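First, one chain by itself: the form predicted on its own, in structure tokens.
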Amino acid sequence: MATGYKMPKDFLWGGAVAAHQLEGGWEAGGKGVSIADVMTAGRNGVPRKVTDGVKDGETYPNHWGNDFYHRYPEDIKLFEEMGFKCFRTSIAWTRIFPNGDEAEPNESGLKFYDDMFDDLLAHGIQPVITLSHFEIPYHLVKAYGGFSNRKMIDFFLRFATTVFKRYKNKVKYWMTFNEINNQTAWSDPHPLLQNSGLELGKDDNWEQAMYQAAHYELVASALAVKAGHEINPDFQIGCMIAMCPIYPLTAKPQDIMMAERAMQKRYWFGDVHCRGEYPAWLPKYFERKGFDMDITAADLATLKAGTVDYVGFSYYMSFVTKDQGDDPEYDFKEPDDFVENPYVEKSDWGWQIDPTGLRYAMNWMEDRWHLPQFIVENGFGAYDKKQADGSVHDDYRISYFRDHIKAMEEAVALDGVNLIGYTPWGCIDLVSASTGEMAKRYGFIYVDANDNGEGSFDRSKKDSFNWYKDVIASDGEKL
């Protein structure tokens, strides 16, 4: 019996991962150290530490991931069995330029992705590739200060053009910076490090540093988009936004205004990516805050000339805010100004579960940016229990996906949103970016490994595997 809306035949069903969270092989083939390689294991409620280089006696889960580097042929066969039309992953910057500032790329790293992309294509699966997915070379952090330094623009552009040229006949869909707007929570050092390679001291102006680094990233993205289109005019190059709509707690006008400013502060990145210009409120904000920003006329022209082709985005949850009472300027600060939403449930990690929020967000982006959209992350992290017979009964994950896919399909079929595809996050179990856990499992495919990297790393199918296979086979009609 049909329960969903049928998606177009060319709709890209698939799954999503990131190189640093699943590949492992952290030193294989001449790979250099990335910022992910100096983040230790954490757990639910216990943040990951960032060490000054790789230290003996510490546990670094990204060093082994789920060993995709050595096992990808097996995994790609499972993806094909599910019916994947595409597979979103990233190119580890440090496989191509181990330190990030070399003049010439590392051929071994380029060859790895040649082989992996060839295998995907041989199984009828299109690669969807993110350039910078929390994998900035650690050398660029220590030697240059990450994206606090304008020189990073050239380093990123060299990396981007190298892989654009190498894979111009193998990859059509690209994205520049993953979840570039996560650093709006600028008081948290982890997003600043993961997104922009920033290591700041207690006396630094963290907020100004975030805006400046983001500007350099946006310029780098625009230059990459322009270069990519010159290398292959058929490239589709998108941005990647962490979409978490922020609702007002009540209909109180001050709550409405606070939510409006919250959405502006979280999604101005998309305005620049899609429109090629800063929204009117932001230069006024810089002026009021006294931020001395390095934004040149040439930069502004670059932004206008390098707008993206589509909006890639993740969707996991929504947020809520309210008027703080003593803030006449509505200077929303994330996450301090979030409040509880009494109308939604939460995951074990406190992430609010809000399928309707996905449909709302898709409509909001359609009204604001008028570009095709691509859901490149959506998923449910949970504690999975493997049974004695090897099965994993993850009805909770199926329920989550059913509700979110239904909302996605309503946005397409009823609201007219132009959606390219849907790639659930962590289609195979991998290391969580936020906590470093393997125990926070997302996949349709179970990987026999624990948080310490112990286990056989053998793959097996969860109940959600066959459920998603049926969804794809019916083009979304059978939920």
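Numbering starts at 1 and follows the sequence shown. None of the values given here were measured: they were computed from a predicted structure.
Another form exists, predicted in complex with a small molecule; not displayed. Remarks below refer to it.
- In the predicted bound form, the small molecule lies within 4.5 Å of some heavy atom of Met317.
- Proximity of Ser434 to the small molecule in the predicted bound form falls within the 4.5 Å heavy atom cutoff.
- At a distance threshold of 4.5 angstroms between non-hydrogen atoms, His133 is in contact with the small molecule in the predicted bound form.
- For the chain shown alone, Thr321 is not a contact residue for the small molecule in the predicted bound form, no non-hydrogen atom being within 4.5 angstroms.
- Annotation: in the predicted bound form, residues Tyr247, Lys265 and Asp354 none come within 4.5 Å of the small molecule through any heavy atom.
- Stretch 439-447 is the answer when you ask which of 57-65, 412-420, 31-39, 439-447 has residues with heavy atoms within 4.5 Å of the small molecule in the predicted bound form.
- In summary, among the residues Gln212, Asn182, Thr89, Gln373, the only one with a non-hydrogen atom within 4.5 Å of the small molecule in the predicted bound form is Asn182.
- Between the options Asp337, Asp394, Glu377, Glu217, the residue in contact with the small molecule in the predicted bound form by a heavy atom within 4.5 angstroms is Glu377.
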